[in-house]
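Let's start with one chain on its own, the form predicted on its own, as structure tokens.
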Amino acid sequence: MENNRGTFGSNLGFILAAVGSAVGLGNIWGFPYKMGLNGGFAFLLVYLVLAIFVGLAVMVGELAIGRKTGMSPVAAYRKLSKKFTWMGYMAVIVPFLILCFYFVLGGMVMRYALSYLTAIFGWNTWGVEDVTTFFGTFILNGGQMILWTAIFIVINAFIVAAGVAGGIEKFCKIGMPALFVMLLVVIIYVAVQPGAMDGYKFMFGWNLEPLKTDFLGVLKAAAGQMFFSLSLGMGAIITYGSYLQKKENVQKNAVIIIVCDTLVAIMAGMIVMPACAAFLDGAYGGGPGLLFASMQQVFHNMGYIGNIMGFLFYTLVFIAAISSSMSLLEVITSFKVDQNVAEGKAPGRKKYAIIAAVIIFIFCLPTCLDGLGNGLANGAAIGTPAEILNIDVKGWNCDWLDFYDMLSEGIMMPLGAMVMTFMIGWIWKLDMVVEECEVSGHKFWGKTFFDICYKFITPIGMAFVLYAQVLTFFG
């Protein structure tokens, strides 16, 4: 039964929504391109180690904090310790910053899915004679970028405004199974293409050479990807945990979420890496443009069947993108909902979902208009942060997407995880997490493992990653 904040109707609904939050562009876009740039198997190995020793601890901690307090991040941290209320505010700022570029990418995915759908029926809506040049022209078309971003934002606002059970849960119960089915279809098709085996060797063949040459680079790429992919350190898991019923098993749900999320990331890699091997002569290091420019070249090389595969691929990317973006919008919306409920007012969910969406849309405009790094010199409507600040390009300032990403994924997320796990390990103690997890009647397993993770492995590991990030960004 829903309270005035809302709640999930079932544990399955919670799991699908939480998996949906975790499974997003981080899996379908971020994981393959970062794997391609960071040595394939070496990146995968580091990612899996981090997911076990860092991701699981943070996931259980955030779910426990959310369910124990029954509140979204700001109110949750304030209830646990007023000294750490700033952690709650940071957990609201992070999804805001992420959505300033995530909404733009979601709109781009919608544009690609539509054009592949119409191409199936012989109708060319790309607007260019050579479809492989579309990406370059599209990102410089500010009007089109703004239009598709706005459409994607409206869909998100509509779902979040409908409520936890009536909007988020309902979408994920349909979207997540559909996502897995479409992934399998595209994987099977790509697997039978000549040359695809080289892509599997790149992903799964034992090769640790990248760790010897650039261990720090691989580590921070894998850590950033893990947090972004699992929706950790951005308030989403705390918020969803606050809607979780007391009878549900927190640890089991955390394991399911991490396993499903990692599985989808690997499945996405099993599409992109073999496709690059089969159709792009093993050009795995396509960078951020891999999802759009490189994959469009892949589908173009497939001939007519590429239109069908392209539509399926970008549709599953759309489902993944919106299931994550609506969870981030829910974090921001629930902040105001909790404030109203605490003051005895009506929740005002619809009103604040719309207000949040409008404000974020305004901050999305720089991402829409800088040509994803092309800047004024190459025909974009506005300059990149490097151009505006008149400083040398340093990675974090080469476009507005990377600027927002640097602040959120680069600094605030590892900082939040480091402080939260330190607090659980040394201030609140593991007993706080154990007590909340055992409320359901399920015995807390792995106390020694989690105690070591919270006290040493996770905070020290995150401090190391944060140091590496700052060193990379600012020298």
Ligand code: PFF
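Every value quoted in this text rests on a predicted model; they were computed, and no experiment measured them. Residues carry their position along the shown sequence, with the first being 1.
Here the subject shifts to the form predicted together with the ligand, a form of this protein not shown in this document.
A.B. asks: Spot the stretch among 234-242, 290-298, 140-148, 334-342 with residues whose non-hydrogen atoms come within 4.5 Å of the ligand in the predicted bound form.
C.D. replies: Looking at the partner contacts, the answer comes out as 234-242.
A.B. asks: Do S72 and the ligand share at least one heavy atom pair within 4.5 Å in the predicted bound form?
C.D. replies: Output for S72 is no: heavy atoms all beyond 4.5 Å of the ligand.
A.B. asks: With the partner left out of view, is P32 within 4.5 angstroms of the ligand in the predicted bound form by any non-hydrogen atom?
C.D. replies: P32: no, not in contact with the ligand in the predicted bound form.
A.B. asks: I'd like to know if N156 sits close to the ligand in the predicted bound form, meaning any non-hydrogen atom pair within 4.5 angstroms.
C.D. replies: Outside the cut-off, so no.
A.B. asks: So in the predicted bound form, does T458 come within 4.5 Å of the ligand, heavy atom to heavy atom?
C.D. replies: Taking the distances in the predicted bound form, the answer for T458 is no, it never comes within 4.5 Å of the ligand.
A.B. asks: Just to confirm, with a 4.5 Å cut-off on non-hydrogen atoms, which of C368, I257, L328, V109 contacts the ligand in the predicted bound form?
C.D. replies: Partner contact (heavy atom, 4.5 Å) among the options: L328.
A.B. asks: Using heavy atoms only and a 4.5 Å cut-off, determine which of M462, I15, L25, C453 is in contact with the ligand in the predicted bound form.
C.D. replies: Of the candidates M462, I15, L25, C453, L25 is the one lying within 4.5 Å of the ligand in the predicted bound form.
A.B. asks: May I ask you to list the residues of 83-109 that have any heavy atom within 4.5 angstroms of the ligand in the predicted bound form, in sequence order?
C.D. replies: Heavy-atom contacts within 4.5 Å come from I98, Y102.
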